[in-house]
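In the block that follows, a single chain appears as structure tokens, in the form predicted alone.
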Amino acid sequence: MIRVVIANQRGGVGKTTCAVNYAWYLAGKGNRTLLIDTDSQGSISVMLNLKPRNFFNQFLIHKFHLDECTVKVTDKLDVLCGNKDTIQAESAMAGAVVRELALKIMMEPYESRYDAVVIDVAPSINLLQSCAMVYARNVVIPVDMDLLSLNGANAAYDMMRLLNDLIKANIRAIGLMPCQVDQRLSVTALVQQSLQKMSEMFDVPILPAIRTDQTVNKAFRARKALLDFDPNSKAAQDYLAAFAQITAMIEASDGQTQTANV
């Protein structure tokens, strides 16, 4: 099963765009896919113009059945949306025992329904992000061509390392994904150099870069995933290359784990 979190502690780096389009990509490949938004901003429902009856908070805290909380976007893609009530979930879990396992426990009865789960998390260090990482174990870190985005990527990696040290969560970074890349800008070269150093330091590969493309904004205004709106755009083609590599890496890792457990 493919399970992945899209995380960076800085907002505006392309996290939600990556999550939505990776879920769309997996569904397009025939995988029964669940896209989860654990961010209280509810960006995924806005991006795809969804009107759910219930949200992530009702599923995680009030124990609503998953069917009562998801929206079916395509035959293969369901979305569990977040909203402002997600903050209440964070508060309700604060004193719980083994709270980092909350999402894992809630998802277990439904896993046979899906081939893939993609999770978008808030751009901040919080308990729900920890739950998502512990459940998925695979993390993709988008990095905008902005020096502060590198700090956010570092913070996301530190969170993974902390969880691995404290509870042996076995979380790993699948890759660093450069986003909104424009080689004409001088800051791009600076960020790419720093990203290369980070890749070497953490032993995390750099994924294919996503070029700056106005089609991304047009897709957002049309309330569609980029891969649905214009799969031939340059950013869409970049995402496809990155997604193929992400999927291959996760599947290879899962295969090695299964072999080791035999």
Ligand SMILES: Nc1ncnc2c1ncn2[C@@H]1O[C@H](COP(=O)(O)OP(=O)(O)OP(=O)(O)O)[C@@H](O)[C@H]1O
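This structure is a prediction, so every number in the text was calculated from the model and none was measured. Numbers follow the displayed sequence, beginning with 1.
Missing here is the form predicted in complex with this ligand; even so, the following discussion is about that form.
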Exercise for review: With heavy atoms only and a cut-off of 4.5 Å, decide whether R211 touches this ligand in the predicted bound form.
Suggested key: yes
Point to revise | Proximity of G175 to this ligand in the predicted bound form, heavy atoms at 4.5 Å | key: no
Check your understanding: Using heavy atoms and a 4.5 Å limit, would one call V13 a contact residue for this ligand in the predicted bound form?
Key -> yes
**Study point:** in the predicted bound form, A225 touching this ligand (heavy atom, 4.5 Å)
**Key:** no
Revision key, fill the gap. With the partner omitted here, the residue among L35, L60, A235, A27 that in the predicted bound form has a heavy atom within 4.5 Å of this ligand is A235
Review point. Which listed residue (Q129, T86, Q180, S149) meets the criterion of a heavy atom within 4.5 Å of this ligand in the predicted bound form?
Key: Q180
Study note, to complete from the structure: Counting only non-hydrogen atoms, the one stretch of 52-60, 65-73, 193-201, 38-46 within 4.5 angstroms of this ligand in the predicted bound form is 38-46
